[in-house]
Each structure stands twice: as C-alpha cells, then as structure tokens.
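Below you will find one chain, with nothing else, as structure tokens; this is the form predicted alone, and questions on how it binds or moves follow later.
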C-alpha cells in the first residue's frame, strides 16, 4: 500500500466522512504509530463509513421490521423423507454424482476464539475427542478425507479465519501436516473487519494510533470469498456446490451426499438443515417467508405468541430451528457479488475497550459502543429457491458455545460418544447406557477408520479384543 499520504490528505478524507477526531492525537504519535493509523485511515471506505455512522445514530428511535406476516418455510420433515425411499435413493445418487465429479467444496467459518471456554486460541484447535482429545479441525479434515477416499476426488476445504486466529490456525495445520490432506486443496482466507462506533456515530479508537475494529460477522464470508479470489478459484475448478458449516459443531456431517442431492434436485440457490426445537424458547433462528421473500428470523425477533403458537397436531408453528448447515450454489453467490447485492448490517451494543477524548484508556463496565456485523443467512432474501430439510439433532448438531451447561465441551463429548455408540449398537456390540440413554463408556471412531455404520461393522473384530472403544 502506498504510504505517502500527507497529514492534509488524511484530514481531508476524514472530514468528508465526519471522522476527523481520529487524528486528535497525531502530534503525540511515533513514526511507526503514525504509519499504522495512516494504513487504517486509508483503508476506510468513504461510501460505507457514512452509511454505518448513520445506521448507528438512527438506532435510538428506529423500529424493527414488522414480523406479524412471517410464515414458516416449507420444510421436508425427517419422518416424511424416511418414508419416501424413491426420493432418498434418487437424491443420494445425485449427491454422490456431485462428489464423484468434483463439483463440491467445503467452507468452514473458523474465525472465533474460545474465550467463553477460557482460551484465546482458535476454537478449531479445541480438543474434543472423547478418548484421543482430537481437535475439532482434525475431525473435520478426517471427515473430508474419508469422502475423498470414498468418491475418488479431492474436495477443496476453504477455511475462513479472522485476524485473531489466522496465524495460529495456519501454524496448527502446518505442524500437523494438514492431517494428511493435500495442502494445495486447503484455502485459508481472512474475514474482514469493520470499525466500532460510539452511539453518536463516531469511530472508536482502541489506542491513540489504532482504530477499534471487530470481525464483520459470518456474513462477511461473501466479501472475503470474493476479495481473496476463493470463489473465482472454485468456479474455475468446476465447483457447483459449497457446503457451509461452523467449526464448533462437532457432529456436522460434512458434504452429506443425501443433502447435496436434495439441494441439486430442488434446483436451490440455498439449502438449509433444521432441527426440531427442544421447546418454544430454544435460542435458534427460524427460516420463513416475509412479504414473499425467504428470511431467517432470530429467536429474539419472534414474539411470545409466535414462539408458542401450535398447529392442530400439537407441533409448534415455528418448530424448525436453523443450525447453520447450508449448501450454496456457487453461481448464486457470484450473482450476489456481480449484482453488488450487499447483505444488511446488524448492530450489537457491546462493552468496547477504547480511549476517550483525552486519550485515557477506558475499560467499560457497561456497553458503550456498537459492533457491526453481517449475517450469512440474510442471503436468503435474494434467493429464488430455498430447500429446507429437517435432520436429527443427535446426528448433526452439537455445538460448543459455553464453558458448561448446554452446548459445552461436556455435552459435545457426550453427544459424540453417543453418536459413535449408536454405530456400535447397530453392529451388535453391547454397551452400557445410563437411564438417560447416554453411553457409560467413551467411544471414539476416526472417520478414516469408518465414516458410516456399515463400514464399521465390516472392520471390527468380534468379539472386541478389549474394552477400549477407540477405532482409528
């Protein structure tokens, strides 16, 4: 980047976008500090920053969109799919064809750190294996490698990191020799950031010489795929389907051929897997239609009446919760970029470390500023065709969000063990279970040993040589 900008040029740019205060401490800065601040100021989008500032200033009296006309999206329910053997067979054939012909790539959102888990390391490094303590990344890579061996074609693995996780994530893969996957088929790319703002629309300074920024949300993946050339590379390789998931879901069935086939058969721009909510108040978004367009409505945006409303058969009207397992048509994503269809921005009022007008460091005890994000599910609004299919929570959804309680490492290892134990049960192995149906012994199966029950049944010795339920 050209760094020959003069102070007058910087002031002119900032004055145009109403952010002149960013140079208040210029006279106190060292040369390296001035270079860092200059780099950030030069990188500010002169069209976007005023829009974001206005968005922030308008939050006090703004009202959210009326959701009274929200309708649940048509969903292929798990029970209906299980009964339709012909549809399952045809969809499976279509999905396997896509994998065999190299038309599928996988993308994971992995920019988060395990701060809620007491760690600042990338969450994908978290040791989750019930016996071996395999990391989340290793599990996911082994699932992809198992698919590559089964279908005889390399599957590109696109990993979206953040500025906070990129370097350590890359080093982790290098240290572990990419867990046996071809390094040339792994694409690391960094999600973007956006400045944080005070309630009056002014960009916050983290330090006198550094603008406060935060990751631009999982919706930023669209811009990042484009900016780093990943989407173009996928298209050039003939990739048609992009399977999307979040790194902390240990049970995700990566590039499930049945799901891929249903997506292809429907001619969908976007497909989504959902699960039946535990109860009306489970914190999961809902896929629906609003004013004739698809959308995902966050749990907090549903009224009490909408959350609890039931059908005549007793099921919740908004029963299906979105779990961020999507398939995107690559050409659809490219059309969003080509048409300059920018996803909307969402505000979150947070506690943000900064410096005040006098340059004093502030560690707030109450929210003091806005972080701005984009959400990938807002792409639903632009889709002409959406495929929604229900899946089994026990087989596909166990995220790690919290240090304890639900969605924690304890529940994830429990669910992973139960998932593997169900395979052994299908193979006729008698395991001890408690009254809640949880395996009393840890079980772990590498996807490279077996990635489905019938393969496991062919490989295990009978009787098992020991009580060690580790298969790798």
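These numbers come from a predicted model, not from an experiment. Numbering follows the first chain given and starts at 1.
As for the form predicted in complex with a small molecule, it is not shown, yet the points below apply to it.
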query: Residue 253 within 4.5 Å of the small molecule in the predicted complex, heavy atoms; finding: no
query: Any non-hydrogen atom of residue 145 within 4.5 angstroms of the small molecule in the predicted complex; finding: no
query: Contact of residue 112 with the small molecule in the predicted complex (heavy atom, 4.5 Å); finding: yes
query: 4.5 Å heavy atom contact, residue 96 and the small molecule in the predicted complex; finding: no
query: Sole residue of 160, 204, 287, 325 within 4.5 Å of the small molecule in the predicted complex, by heavy atom; finding: 160
query: Contact residue in the predicted complex, chosen from 191, 320, 391, 196 - any heavy atom within 4.5 Å of the small molecule; finding: 191
query: Answer range among 147-155, 113-121, 359-367, 278-286 for contact with the small molecule, defined in the predicted complex as heavy atoms within 4.5 Å; finding: 113-121
